[in-house]
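Below, in structure tokens: the form predicted alone, a single chain.
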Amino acid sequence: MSKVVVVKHFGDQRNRPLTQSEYEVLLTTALRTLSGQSDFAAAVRRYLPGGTVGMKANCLAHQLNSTPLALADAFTAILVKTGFKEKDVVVWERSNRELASAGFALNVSGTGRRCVGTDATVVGYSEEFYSSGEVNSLVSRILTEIVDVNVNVPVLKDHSVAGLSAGMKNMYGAVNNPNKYHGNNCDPYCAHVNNLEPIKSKNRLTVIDAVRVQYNGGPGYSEDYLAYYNGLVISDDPVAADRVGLEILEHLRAINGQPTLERTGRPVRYLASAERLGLGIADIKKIELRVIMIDKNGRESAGELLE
């Protein structure tokens, strides 16, 4: 059975972006709970044992609703506290332009946290193609050569074709030809993109930012369809993480007067395909779910996913 942890911030001012320190509290609690390790360094090292750590951001919506800089900074701070050096952390996306537009400071030097797009002259794509099913792609050299492990850090969003944009869809930003893989609601293409060897072997954690969710009109930014959930969804099972994210997305759609994704002609088919490939669990009944509420003073209490 796969395990997913949802940590939610609540307090006097809920509907706002979270600070780095607030993200650090959420991440610390989630990683301890997910790993079952009380020692925090051991919790982190269970998933990220060493080497260079990538963080795949999602910067499509620029600073309007992309992977928050505060979240990336919080995860970097946690890695440093557990013995990693800043230079061993690489925040990345498909392009420098997208990273910069989301507020990230580009850096390819040997000092401090690196931040770079695949389109940078020092990066590019793999020389060889990787294949799975009908997917045949070059993969970012950030995954194939630069990082040893990767943390997928997407934003939970509606998607105009796939229905759901979360962790698995975010990895379209790791291949050279994502435009080819949008037919049939991205099924089974999204599953097979995530089954490409460098993606499957190096993705160790999915950390879905669900603080502010684009529940309709995605994957771009649409102010009319934003809702605050104030949480993170974390798992070492990329399929299970997305499946829980889908529950949240459908709930926010329902309470805001939107039909189900199935009724809009955008059923999320690729999760079942991913399960058939052995990438994780798509059956919500087979996922061990822990929901933890954390108040402004760091006190924890049990919560409900859809409250």
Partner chain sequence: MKRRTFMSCLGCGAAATVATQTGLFPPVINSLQNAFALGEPSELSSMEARHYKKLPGGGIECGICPRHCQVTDLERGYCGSRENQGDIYRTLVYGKPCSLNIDPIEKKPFFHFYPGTQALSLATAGCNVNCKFCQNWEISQSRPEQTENIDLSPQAVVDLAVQRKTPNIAYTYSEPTIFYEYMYDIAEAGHKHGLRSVMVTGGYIEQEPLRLLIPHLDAIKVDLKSIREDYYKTIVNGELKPVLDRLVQMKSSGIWLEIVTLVVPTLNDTDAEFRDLARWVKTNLGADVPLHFSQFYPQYLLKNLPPTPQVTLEKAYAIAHSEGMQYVYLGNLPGHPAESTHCPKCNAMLIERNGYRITQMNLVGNHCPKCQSEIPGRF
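Residue numbers count along the first chain shown, from 1. For clarity, every value in this text was computed on a predicted model and none was experimentally measured.
The following text describes the form predicted in complex with the partner chain, which does not appear among the structures shown.
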property	result
Partner-facing stretch of 173-181, 190-198, 227-235, 72-80, counted where any non-hydrogen atom is within 4.5 angstroms of the partner chain in the model of the complex	173-181
Selected contact from L261, L27, A43, A61, since only one has a non-hydrogen atom within 4.5 angstroms of the partner chain in the model of the complex	A61
The partner chain: the contacting residue among N107, S101, N185, S132 in the model of the complex [heavy atom, 4.5 Å]	N107
Within 4.5 Å of the partner chain in the model of the complex, all of R94, V116 and G124 (non-hydrogen atom)	yes
Exercise: E145 in contact with the partner chain in the model of the complex, heavy atom 4.5 Å	yes
Exercise: G220 in contact with the partner chain in the model of the complex, heavy atom 4.5 Å	yes
Distance check, L138 to the partner chain in the model of the complex, heavy atom within 4.5 Å	yes
A120: touches the partner chain in the model of the complex, heavy atom cutoff 4.5 angstroms	yes
Stretch 146-163: residues contacting the partner chain in the model of the complex, 4.5 Å heavy atom cut-off	I146, H159, S160
